[in-house]
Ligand code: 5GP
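In structure tokens, the next block holds one chain alone, the form predicted on its own.
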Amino acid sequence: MTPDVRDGARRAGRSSHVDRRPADCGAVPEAAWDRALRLIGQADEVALACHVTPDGDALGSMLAVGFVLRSMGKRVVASFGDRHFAVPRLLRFLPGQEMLVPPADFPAAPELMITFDASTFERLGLLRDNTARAREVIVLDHHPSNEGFGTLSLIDAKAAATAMLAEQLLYRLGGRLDRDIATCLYAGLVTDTGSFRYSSTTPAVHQMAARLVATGLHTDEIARELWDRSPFGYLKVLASALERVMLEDGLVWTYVTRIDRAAYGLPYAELEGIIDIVRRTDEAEVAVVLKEDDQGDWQVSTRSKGTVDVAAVCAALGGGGHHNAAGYTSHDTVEEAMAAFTRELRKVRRRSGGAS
């Protein structure tokens, strides 16, 4: 570990922030944290990447760490591997976006790369080749399905959000919270806990939220940006999705096509919240929404109310995620995709002793 990083980590160790380190991040071995600090300390430039079509946890965690690396004098470049590179409208309020570059401008073979909230190599999209050529890749994530595709894993499946791991990394690097960093981390925390409604919401989550809010965040403004705004076209597309919704054996599902969106000029990223409406169905334990992206593939979002492990279902279909929230990509028709999902869902139910 270089002296500047070691000294920074020692200073952080005396701060009140680290004294209240979230217990949920204890699954990462100290040796892994130490190696991460050494790699970062030795690097002049750090390339950051999060998963395609980033959500608040992916983009927020990446930008928060970017701020700290920049304060250490590192050159920072950040991106995500979408063909049509654009920050989703809901996240354009996040500070630090001047660090972002399109995939074409990302280093071809980074000396050091850190990925955020990407559960698989494939989730890096157009940046997969860059990742494969990188000398060192630190994987920062909280998905149970992540087996570690980099050279160093900072993965804790018990953490409610990647933002919790990002917070720990910034403290260990000697960084401190300010309002910009806290805004990014708070967006990640509330996104992946469903505004503290999901079962992943632990005491450590609320303790972290308290630290972030103490920087002077306007939480009402962040909530409005994330959940209380949408273009009029979203209502029309939502109406189409709800019109075709189906309820079958405890499974509620629907789909949204490119044509649905094109009629109202609605970007794909605006569809994220539909699953949260569909999943409210009392009669359903599992909810599925298939969303056709701009390339014609179906991005399948799934949710469970607890008794079904949708991560296991999605993993069997090439995806992954969490017990109650997971997803995958299908290149089949809607009918074929749902037939495959239902088949795997029955297998998971049988293994868990549930109804077939």
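Because the structure is predicted, anything quoted here is derived from the model rather than measured. From 1 onward, residues are counted along the sequence shown.
This protein has a second form, the form predicted in complex with guanosine-5'-monophosphate, left out of what is shown; the following refers to that one.
For the candidate spot formed by Ser119, Gly319 and Tyr328, every residue has a non-hydrogen atom within 4.5 angstroms of guanosine-5'-monophosphate in the predicted bound form. The candidate stretches are 58-66, 27-35, 298-306, 40-48, and the one lying within 4.5 Å of guanosine-5'-monophosphate in the predicted bound form by heavy atoms is 298-306. Mapping the unseen interface onto this chain, Arg261 falls outside it, with no heavy atom inside 4.5 Å of guanosine-5'-monophosphate in the predicted bound form. Scanning 176-214 for heavy atoms within 4.5 Å of guanosine-5'-monophosphate in the predicted bound form gives no residues at all.
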